[in-house]
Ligand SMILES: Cc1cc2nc3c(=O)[nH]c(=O)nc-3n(C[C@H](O)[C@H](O)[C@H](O)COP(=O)(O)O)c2cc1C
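Below sits a lone chain in structure tokens, taken as the form predicted on its own.
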């Protein structure tokens, strides 16, 4: 699933030994990057991260410096840092690749965050299904031999799309129940053990560890548009070298496909941002910058950095149905919008996909996708609704044909799965 790629700037997170060599040891890590800075340099790390413009890589894109400051302002005793590597997104592999190959960079970021906010505990939260990442992080913690200024605890997250949502992370660490809780319960105020808690994606922490060493100006040297820095993306679909790549923000989709060795067949649509993201047409996205600001203005999002390419002769209805069905099955099933709303949407999409719809299925899908937003206990139904809305827009002709019992793409394609 891994593939190397070059941009106009040297790789940052994935610099170092070749991927085939496996995990970088602590000795190799320190020989390459040196130690993390100590006081007095540490005192300015939050302002430095704020100046860098670093945004979260877990999907929401929230400014990392502001998030750290929010927890630091509430931290007295008992605060907790959680390095979130659950990565429940089915097609994304960037977090598990980073944890597997550069585990000490992730741990450095967690240690740095702990010192910056005054936390007493660091938890490394890794998806249990990501075996190589679990083993690599476990070995890395052991290699450090307790020499970090805080105890590091590794916790395997249960399988599931929602187990990496921040309130679900806290809920699991508190009660071994990885379901989201009310949006009113914010981890930075009351999280693990009722203490202020910073839940930060592992890629975000790795970037912070590099900023601490090389500075915010260095971080901002990369990037071709309004968002600065580099990001890890997972490219899936008909390209020569799919997998995890490190890119500069702001490169175009055409640049990215070229980096992956080029397309192996004609591309018809692009899933950008993962299952919590949305569909875009090749026409609209091919020359557009892969920049969170630009994508947001176009009604899309960079999200978790997943770029899913769909063949031109694949059926957009079936591709959308598979994702919404998965989202319905992966819900916490603890509120009406997920139990009934997503269930009804998945059922209607299934009927459309097999070309046996009820007379009002397509009309209902458009209505439900608007009504469900903001009504769930968490944002899971919002993501499914946004994905469906984008599918109805990009694959409008396909949906109209399916409502009439026809399909222009009768044979399923691999890219639809």
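As the structure is a prediction and not an experimental result, all values here were calculated from the model. Positions refer to the first chain, counted from 1.
The same protein has a further form, the form predicted in complex with the named molecule, not shown here; the description that follows concerns it.
- The partner is absent here; in the model of the complex, the one residue of 260, 75, 234, 166 having a heavy atom within 4.5 Å of the named molecule is 166.
- Checked against the named molecule in the model of the complex, the candidates 65, 391, 357, 59 yield a single residue with a heavy atom inside 4.5 Å, and that residue is 59.
- Per the 4.5 Å heavy atom criterion, the named molecule in the model of the complex is contacted by stretch 198-206, the sole one of 134-142, 98-106, 236-244, 198-206.
- Although the partner is absent from this view, residue 379 contacts the named molecule in the model of the complex, with a non-hydrogen atom inside 4.5 angstroms.
- Contact annotation for residue 123: none of its heavy atoms lies within 4.5 Å of the named molecule in the model of the complex.
- Remark: residue 119 does not count among the residues lining the named molecule in the model of the complex, judged by a heavy atom distance of 4.5 Å or less.
- Contact check for residue 88: a non-hydrogen atom falls within 4.5 Å of the named molecule in the model of the complex.
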